[in-house]
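We've got the same protein chain twice here, in two forms, each standing alone as structure tokens: structure 1 and structure 2.
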Structure 1
Amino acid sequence: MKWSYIGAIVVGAYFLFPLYVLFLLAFNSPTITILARYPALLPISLTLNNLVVSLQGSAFIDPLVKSLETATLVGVITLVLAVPAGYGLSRLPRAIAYPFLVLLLVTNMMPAIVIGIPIAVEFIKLHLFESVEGLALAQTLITLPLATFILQGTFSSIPSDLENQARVDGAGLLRRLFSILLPIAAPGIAAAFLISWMFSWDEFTYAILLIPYHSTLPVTIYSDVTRGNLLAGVAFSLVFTIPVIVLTFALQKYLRGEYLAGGIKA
């Protein structure tokens, strides 16, 4: 019993410390953080000045909007493809659905940096380079397999009797989809959308390869920090992190190992 608490404290401190450091950097006066030889571990000179100064720069709004656009577009493209795929897989026999799932998982493992360069070369020809649409098309590669997994699970949990009954009553596929399946699957669909949104929001590799010049927020944070614009990097990081932490809390019950390990239980 005692060991649980010691373990809990160690684990909790390990996961919280970096966030605490981010908080200190964002809200302490720079003289005791980035300018100090030994930065203080306590919030002793709290100020909002860092944030105010950094966020007033217009360099912040454009990347933020680009990140929002990309993430939302990725969420939409992902759902358009993953809802039918998830439903289809849930109604196929396991022996056929399983290879498809493995195929999706394997492609998810292809390195973004390997795929990104030929895509960038191709997009330059197609005028999709430096465009949000092009970036969203690439980032969907990361989110689509995951969303398909989640939705396959969601649709599998809907008893097929319910659907068969509707079919006997004469409802076609579209009718069954919109009046029975989608409403019941709504929580899973919402989770798939939000997870896709989150993963795209965070994505860096495709962003730096496909829109290197006027990019999304992660790339902007990176270039601010490499140019020595440290406080702006910290302020943007904080703005960037808060919405995702809120989303993580909201999604907590969907972030389960069972989804990831789903394939091996069969």
Structure 2
Amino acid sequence: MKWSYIGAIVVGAYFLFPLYVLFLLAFNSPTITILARYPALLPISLTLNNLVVSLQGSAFIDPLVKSLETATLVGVITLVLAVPAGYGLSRLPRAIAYPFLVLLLVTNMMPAIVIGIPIAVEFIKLHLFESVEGLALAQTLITLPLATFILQGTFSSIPSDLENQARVDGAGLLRRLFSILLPIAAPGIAAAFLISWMFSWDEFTYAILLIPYHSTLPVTIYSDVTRGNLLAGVAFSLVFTIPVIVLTFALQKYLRGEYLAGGIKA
């Protein structure tokens, strides 16, 4: 048990260290971080000047709004498609459902750059290029298989006797779905939405291919960093992190193994 705690601490420190470095860059004087030969790893001279100067001299509101719109739209579209797909797969025999789930997940293994270019060509024809709606539809290709996988496991965990009893009482499919299944499956649905939202929030490849001129915040951060404006990139990164932290804490009770087990649990 002791080694488990040590392992958890080491893994936690490994994942939190980049955030700590981001904090140092944002709130320490540049003379002891990015301009120093040996950057300090301690908060020595905390200041807000880095953030104030960077945010005043850069336009990040529009990219931030586009990122919020895109991630939220991706979460909604994903649920609209994944809920019926997950429910349908949960009612199929495993011999049919599992190969289909594996096939869905295999599509996520394809590099985004490979399928992003033909999608961009088609979206130009459909007038979806350089639009939030087009970007959300493309990013749904990433989130839909995983959300379907999660919801298939969620619906499979609901006893079929509940649905059979409602069917005997005369409830149709839609009534069973909205009155019985969806309320019970709410934690899994929330988990699927959160995962989809977070996958879309920092997605980069589709954003730079499909909405390159007035893009989302990840592309804006990349542009600022590559132009040498590192402090602006740091400031944007902090702003970029806040919605993720807020949403994660708001829905953290759903981020548990039983809601994310998907088809493995069924």
Partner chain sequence: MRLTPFLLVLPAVGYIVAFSFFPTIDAVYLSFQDPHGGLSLHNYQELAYFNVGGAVLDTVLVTVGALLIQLALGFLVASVLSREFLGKRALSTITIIPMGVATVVAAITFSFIFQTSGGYANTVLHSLFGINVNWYQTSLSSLLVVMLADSWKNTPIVSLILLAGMSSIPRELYYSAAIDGAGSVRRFIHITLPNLRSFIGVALILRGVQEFNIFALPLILIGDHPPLLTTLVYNLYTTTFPEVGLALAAATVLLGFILVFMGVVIKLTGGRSS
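The first residue in the sequence of structure 1 is number 1, and each one after it adds one. Please read these numbers as outputs of a predicted model, since none were measured by experiment. So that the term is clear: the rigid core is the largest set of C-alpha atoms that superpose within 1.5 Å between two forms.
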item: Selected structure - the one that is the form predicted in complex with the partner chain; value: 1
item: Core fit, then Leu247 C-alpha moves 2 Å or more between the two structures; value: yes
item: Core-referenced Cα shift (Å), Leu16, between the two structures; value: 3.1
